[in-house]
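Consider the single chain below, provided in structure tokens and representing the form predicted alone.
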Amino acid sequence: MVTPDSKSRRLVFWVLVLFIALAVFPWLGIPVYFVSLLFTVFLYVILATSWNIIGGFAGYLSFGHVAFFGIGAYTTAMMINGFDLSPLLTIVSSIPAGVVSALIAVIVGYPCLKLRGPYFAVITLCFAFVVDLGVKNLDILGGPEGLWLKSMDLPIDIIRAIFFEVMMLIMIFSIALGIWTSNSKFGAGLRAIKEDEEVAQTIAINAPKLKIEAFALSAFFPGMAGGVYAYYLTYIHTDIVFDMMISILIVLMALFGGGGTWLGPVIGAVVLTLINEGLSTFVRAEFARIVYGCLFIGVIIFMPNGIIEFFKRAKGVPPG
């Protein structure tokens, strides 16, 4: 007889096997294309699961989350160029990048989270544009030329494998945050805010505090990922790390998989990253944008709760 406990143990076992296989993957002499593809998948899983904290659980759709990714990238770049850090300390410097992004999220979120619906979406989009323009006009941040970063004094294959492992580790922590939020009192409070913020406050839920905390948490991991990504490229430019297409992809991935669940953004990020790679490789960029626009409209109209809820209903499983 299969018990729930044995099912849980089996699931944990196969998840561990998966992560061990992924950890070994870049050391097997696999072609660089596939290593880079998985690195990109990890990156978008981090961004989508982090966005889901504020956008999926709390229902505040942020279209400017790429700003925190870019802030993290530039924070790490300034630390690398300003201090002669060892390779290990340079990787660890992605933690301050996440902290800086979270602090800025608190500062920006305090006034912005008083807005709701389309007003909040528009103000976060404007925030990303303002940060982009600000960085382009600051010579200390490289201005329109961008910034070059010092590289590790190691063979390129080893460098690539190290960053692969670091990005995977950040992804694991971001997924763990999503699981914790989904099953915690904190997540229940965010869901109540999403359903009806006024009612939530009447039952002693401190909505302003929870929203600020959710916004800061949703900015922390993109900041870390941006820091690692900057050092991985060894060159950053505003057109790379403040690309609005990234913001659109993050939102689409989370909603496509199922916002407000921990698994939905993971599935959405994996599936749409692979689709994005195929479109970028085999068709023109303009056509890819049209496809994403149609996908976005289709998800909002036909699958507002994502593919997880869609398949649950198709199998006759009650929502929730």
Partner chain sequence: MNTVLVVRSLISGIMMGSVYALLGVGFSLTWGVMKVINISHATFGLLGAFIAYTLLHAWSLDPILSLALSAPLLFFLACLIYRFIIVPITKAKEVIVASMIVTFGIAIILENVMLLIWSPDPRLLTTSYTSKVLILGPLYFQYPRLAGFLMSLAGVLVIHFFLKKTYMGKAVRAAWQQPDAAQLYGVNLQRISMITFGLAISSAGAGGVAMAFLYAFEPHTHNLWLIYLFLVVIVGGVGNVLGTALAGLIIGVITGLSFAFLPYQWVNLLTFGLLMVILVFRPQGLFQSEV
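Values in this document were obtained by computation on a predicted structure and should not be read as measured data. Positions refer to the first chain, counted from 1.
This next part talks about the form predicted together with the partner chain, which is not shown.
*Asks:* Select from the listed residues 103, 172, 158, 248 the one whose heavy atoms reach within 4.5 Å of the partner chain in the model of the complex.
*Replies:* Contact residue from the list: 248.
*Asks:* Identify, from the list 141, 176, 130, 95, the residue with a heavy atom within 4.5 Å of the partner chain in the model of the complex.
*Replies:* By the 4.5 Å criterion, the partner-contacting residue is 130.
*Asks:* Can you tell me which of 72 to 80, 133 to 141, 95 to 103, 161 to 169 lies within 4.5 Å of the partner chain in the model of the complex, counting heavy atoms only?
*Replies:* Selected stretch: 133 to 141.
*Asks:* Is residue 310 part of the interface with the partner chain in the model of the complex - any heavy atom within 4.5 Å?
*Replies:* Close contact is absent here: in the model of the complex, residue 310 is far from the partner chain, nothing within 4.5 Å, heavy atoms only.
*Asks:* Within a 4.5 Å heavy atom cut-off, is residue 300 in contact with the partner chain in the model of the complex?
*Replies:* So residue 300 counts as contacting the partner chain.
*Asks:* Residue 290 versus the partner chain, in the model of the complex: is there a non-hydrogen atom within 4.5 Å?
*Replies:* Contact check for residue 290: yes, within 4.5 Å of the partner chain in the model of the complex.
*Asks:* Mark residue 61 yes when one of its heavy atoms lies within 4.5 Å of a heavy atom of the partner chain in the model of the complex, and no otherwise.
*Replies:* Yes, residue 61 sits close enough to the partner chain in the model of the complex that at least one of its heavy atoms falls within 4.5 Å.
*Asks:* With the partner absent here, would 53, 216 and 228 each sit within 4.5 Å of the partner chain in the model of the complex, counting heavy atoms only?
*Replies:* The answer is no: none of the three residues contacts the partner (heavy atom, 4.5 Å cut-off).
*Asks:* Heavy atom within 4.5 Å of the partner chain in the model of the complex: which residues of 196 to 210 qualify?
*Replies:* Contacting residues: none.
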